[in-house]
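What follows is one chain in structure tokens, specifically the form predicted on its own.
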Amino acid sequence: MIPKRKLRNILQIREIPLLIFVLILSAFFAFTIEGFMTLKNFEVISRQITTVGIVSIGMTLVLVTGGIDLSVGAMLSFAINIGGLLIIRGIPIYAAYPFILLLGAILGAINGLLIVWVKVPAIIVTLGTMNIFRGAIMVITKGKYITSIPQSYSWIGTGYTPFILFVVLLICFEFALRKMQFGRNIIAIGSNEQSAIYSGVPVNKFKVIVYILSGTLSALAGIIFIGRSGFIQPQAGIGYEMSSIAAVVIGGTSIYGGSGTVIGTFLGSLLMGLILAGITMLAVNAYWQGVINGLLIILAISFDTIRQMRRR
């Protein structure tokens, strides 16, 4: 028998209620949908949550600092389309992957530098760069798909490979956020930027770093996208902005900055993947996923607002 005080402390951990909800939803689908709890279905769900999940890790870091990045899907598309133009010209895979990741990092750095130099809110800067990156890639590719992708690029998007990579990234960034000076600094920035400056934290430096990480992780998700689909489209990544924000906020990261966990983001991504899988197997209109995700976002932000008010 667990003592009441200990049980109360456990339930106060942000991720526990979400974990309980994920388990309840899984049990509900297992009893109502034949074949839901199978290894094959788990593989499908793991592939569905991987790309948005990796983007969401970067979004978590950005939101913890009190910022936001609406250009993640556009950076994904730009990086893989430019990389794809080189791939079809024969660039080897060991050069293509670093080039795509470097492109993502550069695009993220552009976001970060604009935010710290121009002193414009992140939502405005990244909304603008989102349109610039998307418009540029449509001009460069003329809206055409890149289909001549060699088979050697498919390994990273098939089987459990993307999910294993996702889990490794989760562990690394959760450790960085909880145990390293990097995590303490970005939490301090999100909690009170002025206090962080007075404490000697190089605020601008760490802001640029989190946007670089966001761009790099978006490009990495794009590499997995190439491996999974076998082609590249200029419209790749559309909607990833809202999906990643949904996963992060549902996972317990405060929209006001200063708190959040990568494990919570994983649970948020998993919940969204379960909902999509359940809706698909129940033959329900897929647009209902957007409705459910929207409601979950509103509930998560409402709870976060109430928590902030109680804390004050």
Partner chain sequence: MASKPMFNIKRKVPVSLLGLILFNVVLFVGLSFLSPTFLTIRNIQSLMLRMSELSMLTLAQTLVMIGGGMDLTVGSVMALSGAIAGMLFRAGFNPATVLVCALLGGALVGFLNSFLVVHLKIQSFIATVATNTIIRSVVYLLLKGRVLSAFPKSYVSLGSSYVLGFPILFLAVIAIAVALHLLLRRTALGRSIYAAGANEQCAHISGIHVNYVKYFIFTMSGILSAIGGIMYTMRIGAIIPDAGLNSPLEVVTAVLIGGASVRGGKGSVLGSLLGILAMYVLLNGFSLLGLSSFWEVIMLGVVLIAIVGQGNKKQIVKMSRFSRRKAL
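Given the structure is predicted, the values throughout are model-derived calculations rather than measurements. Positions refer to the first chain, counted from 1.
If you look for the form predicted together with the partner chain, you will not find it shown, but the lines that follow are about it.
S.K.: How about Pro17 - does it come within 4.5 Å of the partner chain in the model of the complex, if we only consider non-hydrogen atoms?
M.R.: It does not: once the partner chain is placed as it appears in the model of the complex, Pro17 has no heavy atom within 4.5 Å of it.
S.K.: Check whether Thr129 has any heavy atom within 4.5 Å of a heavy atom of the partner chain in the model of the complex, and answer yes or no.
M.R.: Within the cut-off, so yes.
S.K.: Using heavy atoms and a 4.5 Å limit, would one call Pro98 a contact residue for the partner chain in the model of the complex?
M.R.: Judged by the heavy-atom cut-off of 4.5 Å, Pro98 is well away from the partner chain in the model of the complex.
S.K.: Does any heavy atom of Val139 come within 4.5 Å of a heavy atom of the partner chain in the model of the complex?
M.R.: Within the cut-off, so yes.
S.K.: Among 113 to 121, 146 to 154, 207 to 215, 162 to 170, which stretch has residues whose heavy atoms lie within 4.5 Å of the partner chain in the model of the complex?
M.R.: Only one stretch qualifies here: 113 to 121.
S.K.: So which of Ile68, Leu267, Ala277, Val52 gets a non-hydrogen atom within 4.5 Å of the partner chain in the model of the complex?
M.R.: Checked against the cut-off, the match is Ile68.
S.K.: Exactly one of Ile255, Ile45, Met281, Ala30 has a non-hydrogen atom within 4.5 Å of the partner chain in the model of the complex; which residue is it?
M.R.: None of the others qualify; the residue that does is Ile255.
S.K.: In the model of the complex, does each residue in the set Val125, Val291 and Ile297 place a non-hydrogen atom within 4.5 angstroms of the partner chain?
M.R.: All three within 4.5 Å in the model of the complex.
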